[in-house]
Every structure is written in C-alpha cells, then in structure tokens.
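Before any questions on how it binds or moves, here is one chain, the form predicted alone, in structure tokens.
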C-alpha cells in the first residue's frame, strides 16, 4: 500500500497546484508535498521489513495480463529514495525566481516524480512502459516552454531520440507477451521464465539495449544530451542528470539482464568496449569545454559510460557500485548545476574562460564547490569514491584491461574537474568576479545538506550498500545461476 501512496501523492499535489493561484502558494504546496514524501520514504527505510510490505496488485486489464502491480526491493527502494531526496532540492533551486506559469511549471516537476516512482516500482511491463513514457512528457514541456536559446530544435531532438527508443521497448514487450505461456501476461515474473530461440533473443536484446542506452545515454546514442542539459532550465537539467539518466541504468539491471542473461553475457564484452571508449572520448571533450553547463553535461556522460561498462561485468561488486554511484552521481550533479546557476546569476555568464578569482571573492562558495568537484573525481571520504571503487573492483574481476580503462576515468576525471575548478575559482579576480557575493543563508540551506550527504555516505556507505546487497545477489543468481 505504501508504494501506491508514494506514487499517487505527487500526482495529487500536481493537480492541486494547477488550480491554486499565486506563486508563493504553488511553491509552498510543491515543497511541502515533496518533503512529506521524503520523510515517508526515510521512515519506510528505517522501519520496513522487505519487499512484500510494499507490494500491491490491483486488476487493470486482467484479461490481457495487465495488472497494476507495484513493489519495491532494495534496488527499487534506492532509486525511489534518490528521487524523493532530490525533488525538494529541485524545487528549492528556483525558490527565488519569478517563474512564468508557476502552477504548470511545478506541476510538471511533480509529474516527473510521479512517473519516476512508477518506473522504479512497476512489476508489470505495460505499467513500466506507461510510466517510462509519461516521464518524457513533463520534461518535454519544461524544455520547450522554459528553456534557453535554441530550445525548440533541442527539445525536438530530445523528443525524437527518446520516443524512438521507447517504440523499440513497447515492441519487445508485446512480442514477449505472446511468447509467454498461456494465459499470456505482462507480469515481470512471467517475462523472466520465457525461453526464446537464439535468433529471437538477438533482436529482442538489441531493441532493449537501444531503448535503455538512449536514456542513459551511452556512446554512440549520446548526441541529444549535451545540448539538452545546456538549454534546459536548471530544474530541468537537475531532473535529467540527477534522475532521468538513472532510469536507463535501472532498466538495464532490472529488465534487460534478467530477461536475456545469456545474450547479455555474450555481447557484454563489446558493449563494455563501446561504453569505456565513450567514457574516454567524453572525458576529453569535457576538458575542452568553456560553458559550465555543457562541461557538466559531458562529465555526466563520462560517468555514465563507466556505469554502463560496469553493468556488463556481471558481478556483485560492479552492480553494487553502479547502484551506489547512481545515488552519488544524482546528488553531485544537482549540486553542480546549482553552482552553475549561482555563477550565471552573479556574473551573467557561464563561460569559464571569463571567470577566476572566486576563491578570494567568495571563499564559502569556492570551498563547498571544491568538495563537490572532489566528490565527482572520486576522492576518498566522498560518496564518489565508494561507487567508483566498487565498479573498478567489478571490472577487475571481469578482466584486467577493463579495470585499466575504467581506472583511466579517475585520472581523466581529476584532470577535467580540477582544470574547471582552476578556471572558475583560482587565479586573480577580474571585472566580472571581483564583486562576486558569497553564499547567502537561502543558498546554504540548499547546499549544506547535500554536501553533508556527499561526505556522510562517503565515510559511512554501509546503510546504502546493505539496502541493495541482497537484491543484487538474488538478481545475479536468478540470471546466471551463480551460487
């Protein structure tokens, strides 16, 4: 029953916001609803007794094998926790801004929360696809109505890419439905028990991979992402980088590898090569960027490449690392986009070549931004270190060459992150940055809790690792019969 509450609460709040006038009331209702969901999620985490407590099955179109079936294991719960943690901060990021059509804008944010919670809890393929597609709609309108220059063309590119991948996804689900034993069903457990001929597994696997790789995105399906992150309003960039990217990672772990384990093993080697090659390429491109938001976009792509490669090493270390890094990356990228917003508001530019000297003008700003940069690098005692360490251990267990290339991400990440920090915060101040004001109390309210999580989960990661440990073992045993 609690899964249903987590799903429907943001939808109800979104509908209320649409009929309530006034910017302040709209923001207050949106923030209150999102904070209530965060409190509820944390309460369930501390008092929960497992997946059965959060499972709910209701008839939808039972004659077609379509049920409203939701539930959470540790993997799902981690993604729901990340979603409900970050949405209040997405709302807070624009608290001081006078946004046009505020009711629509904040309703769209809550609709994203509604869709994401559905994606992470769905146990029926049609229900999963419904929420998967629904997540596209509010982001599309946020980009189209509140984006920056070139928003029309960038939004259409984003829409075409993601819709194209979704068409392959529904084709696979329909095909698998008819391959299931009679009576046919879209239930997740039924899809796991389907035995396909090798020729059928081939196209099903590549269709699923295409659908999920576009969402992360992995090389070479990435070209929509940098422009979209750059043009989107900061709230949209946070949603895309912090949360929607995790849909593809979750779907690969939950819906592709268990359904097609043998083909995942067979082709995982080549997918890993492409993912690691993309990671290196994206890291080099990030080093060349001057626009701060575009730089964040390319660095996010590099992190996604490492996570994509680690998924296909098929061991507990790697999958635990991918899930932990998904949580960590979500927090870090939201902070990075918030710092980008603060820089643009104070200097009217995102060009890092025009910045410098922030360390002197705004020491609190520079110090906290440095912590976030170090977390993105994966420095020990930050949350970025735990995920990257586990992924590298997993890649090493798979093959030495994979670990070496994966380790290269740490070196390249340090180079482009520290270089960006040097351009923005170090050196002498100039006309733009000499009057750069330090963080005010409102901004500290946003930054300090997330920075505290960066350090806390880096120093003591065990609660999050315990949350996913059992489900990861179960998934690997189920897919590959590893005992």
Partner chain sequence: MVNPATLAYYSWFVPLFPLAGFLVNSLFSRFLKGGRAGYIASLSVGISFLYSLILFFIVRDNHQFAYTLKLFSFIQTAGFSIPFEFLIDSLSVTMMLIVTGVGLLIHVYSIGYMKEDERFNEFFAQMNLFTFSMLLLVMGANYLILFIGWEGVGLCSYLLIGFWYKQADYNLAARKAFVMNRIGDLGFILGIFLLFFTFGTLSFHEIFSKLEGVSSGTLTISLITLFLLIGALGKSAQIPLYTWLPDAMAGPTPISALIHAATMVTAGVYMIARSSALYVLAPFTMTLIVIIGLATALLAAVIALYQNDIKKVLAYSTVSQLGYMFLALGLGAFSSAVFHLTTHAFFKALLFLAAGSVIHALHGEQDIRKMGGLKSFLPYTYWVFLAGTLAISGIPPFSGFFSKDEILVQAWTANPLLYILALSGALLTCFYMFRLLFLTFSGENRWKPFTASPHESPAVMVIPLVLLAVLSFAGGFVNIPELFGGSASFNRLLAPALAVASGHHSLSHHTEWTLLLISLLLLAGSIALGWIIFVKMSRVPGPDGLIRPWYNRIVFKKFYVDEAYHYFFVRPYEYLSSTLFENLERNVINRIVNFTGNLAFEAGAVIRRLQNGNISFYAFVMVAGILFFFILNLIIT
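Positions refer to the first chain, counted from 1. Values in this document were obtained by computation on a predicted structure and should not be read as measured data.
A second form of this protein, the form predicted in complex with its partner chain, is not displayed here; the remarks below concern that form.
Note on contacts: among 354, 157, 184, 97, the single residue with a heavy atom within 4.5 Å of its partner chain in the model of the complex is 157.
Taking 435, 441, 428, 59 one by one, only a single residue has any non-hydrogen atom within 4.5 Å of its partner chain in the model of the complex, and it is 428. Remark: residue 148 does not count among the residues lining its partner chain in the model of the complex, judged by a heavy atom distance of 4.5 Å or less. Put simply, residue 419 is close to its partner chain in the model of the complex: some heavy atom of it is within 4.5 Å. The closest non-hydrogen atom of residue 415 lies within 4.5 Å of its partner chain in the model of the complex. For the chain shown alone, residue 219 is a contact residue for its partner chain in the model of the complex, at least one non-hydrogen atom being within 4.5 angstroms. Partner contacts here mean any heavy atom within 4.5 Å of its partner chain in the model of the complex, and among 99-107, 287-295, 117-125, 85-93 they occur only in 287-295. Annotated contacts: 5, 20 and 29 are all free of its partner chain in the model of the complex [non-hydrogen atom within 4.5 angstroms]. Residues of 402-419 placing a heavy atom within 4.5 Å of its partner chain in the model of the complex, in sequence order: 403, 404, 407, 408, 410, 411, 412, 414, 415, 418, 419.
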